[in-house]
Every structure is written in structure tokens, then in C-alpha cells.
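Presented as C-alpha cells, the chain that follows is alone, the form predicted alone.
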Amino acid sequence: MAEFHKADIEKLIDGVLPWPATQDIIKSPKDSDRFDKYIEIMQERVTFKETILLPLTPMLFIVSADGARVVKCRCGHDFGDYRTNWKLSSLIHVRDDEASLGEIYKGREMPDPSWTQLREYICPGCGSQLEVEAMPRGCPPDFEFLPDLDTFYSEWLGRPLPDSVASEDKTLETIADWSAAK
């Protein structure tokens, strides 16, 4: 099994690794500490001290914070429990008319605004655009990824996390709490 240096993994993340070296990494069996190298690189790039458990995107991470598992932006903004769709705690810019969609799409490329919304999810902490999704009107935000961290750490990495948390979608419970608070 090939062992790749942390510097090469960092170049791969940044998109500056030469193509032959990138192909070598892609084609080779994964080195046993690749995930740890990746986490170490990402931990060095964030402003917060909480331990990254799993990167969701280049800007979003599931971290261990005071005994809880939460989603944080690279800037440190806390989106709450990782089992609740982080998009509900973001700023959302919705493009749903010809004028706003026309800033992105030209001519026949533009989706029908009576059917489609373009939602831009923005971090309230740093203003970074975290994601964009095109959705039919009335559809809830897409919750793309709810990992089973306990299984990943215990069965794939061979080192269980110190606490156990049920991997279940808490989004509807969060919304119900909002409506009960009124």
C-alpha cells in the first residue's frame, strides 16, 4: 500500500497537485492514515479549537463541542446539532423571479420561476456562500448527508468515539420546537 505525505494530500485538497501525482493517489489503495492526515490539515485551517470529527464540505465540519456534535463553519459559526439540517440556521437568499434568476441564467437557460427556486445558503458568521440548490417551490431544504459517526469511527476507523449518539434526523423536532415556542 502506498503511503502519501501530508504535503501531497494538502496539494490534492488545494487542487495544485500535478495530474500524474493526483492519478497515482486516486489509483492507489488508500493509505491507512489518509483520513487522519486530511483531518489534521483541515484542523490547521479553521479558526476554532474544537476537534473536527468529519468534514461535510470544504467550509463545514462536524465537530465535538462541549460533549455535543455540532456543525461549524470554517469561521467558527455554530449551526447546531449535526442531526438537524444546518441550512435551517443559515441565511438564505432565494431567487424566485425572472429578475433575480436572470442575474445567474441567460435566455433559455433560465428555469421557469413559477416552478423553481434557487436557494443560496450563507454563513451568518463570515458571509461565505456555503451551498446553492435549485428546488421546486415549496420543497424543504435538502438534507444531503447525515452520517452515522459512531459506526464510521468504530467499524471503519477502529477507534470508537467516547460517547454514542443515535444517528437520526432531528430536523422536524427542531421545527416543532420553533412552533411550540410561539
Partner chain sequence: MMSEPSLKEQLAAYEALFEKTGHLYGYESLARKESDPGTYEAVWHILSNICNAAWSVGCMASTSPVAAEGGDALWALHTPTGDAICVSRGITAHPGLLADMIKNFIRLGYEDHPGFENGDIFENNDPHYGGIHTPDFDMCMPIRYKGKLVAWASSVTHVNDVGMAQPGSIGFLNPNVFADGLTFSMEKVGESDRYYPWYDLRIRSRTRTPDYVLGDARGRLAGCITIRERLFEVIEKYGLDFILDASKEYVEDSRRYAVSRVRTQAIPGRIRKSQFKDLAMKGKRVLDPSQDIDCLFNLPMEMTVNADATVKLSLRGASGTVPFGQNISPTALKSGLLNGYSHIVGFDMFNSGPTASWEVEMPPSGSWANPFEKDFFASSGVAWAPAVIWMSSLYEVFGRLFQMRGFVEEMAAGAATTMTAEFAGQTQLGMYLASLTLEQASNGSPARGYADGENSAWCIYTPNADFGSAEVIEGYLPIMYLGRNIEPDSGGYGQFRGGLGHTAVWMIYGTTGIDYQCGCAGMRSKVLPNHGMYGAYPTWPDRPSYAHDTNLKELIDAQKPLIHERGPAEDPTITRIITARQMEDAAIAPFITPEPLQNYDVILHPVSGAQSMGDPITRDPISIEEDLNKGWTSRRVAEEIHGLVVKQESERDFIVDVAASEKRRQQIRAERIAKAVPFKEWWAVERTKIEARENMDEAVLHMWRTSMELSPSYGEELLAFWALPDDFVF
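Everything numeric here is computed off the predicted structure, so don't read it as measured data. Numbering follows the first chain given and starts at 1.
We do not show the form predicted in complex with the partner chain, though everything after this point is about it.
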Fill in: Residue contact check: residue 111 to the partner chain in the predicted complex, 4.5 Å heavy atom
yes
Item to complete: Please run the contact check for residue 144 against the partner chain in the predicted complex: heavy atoms, 4.5 angstroms, yes or no?
Response: yes
Worksheet item: Are any of the heavy atoms in residue 151 no more than 4.5 Å from a heavy atom of the partner chain in the predicted complex?
Response: yes
Discussion item. Would you classify residue 130 as touching the partner chain in the predicted complex, given a 4.5 Å non-hydrogen atom cut-off?
Written reply: yes
Discussion item. Going through 81 to 110, which residues have a heavy atom within 4.5 Å of the partner chain in the predicted complex? Please give them in sequence order.
Written reply: 87, 88, 90, 91, 92, 93, 94, 95, 96, 103, 104, 105, 106, 107, 108, 109, 110
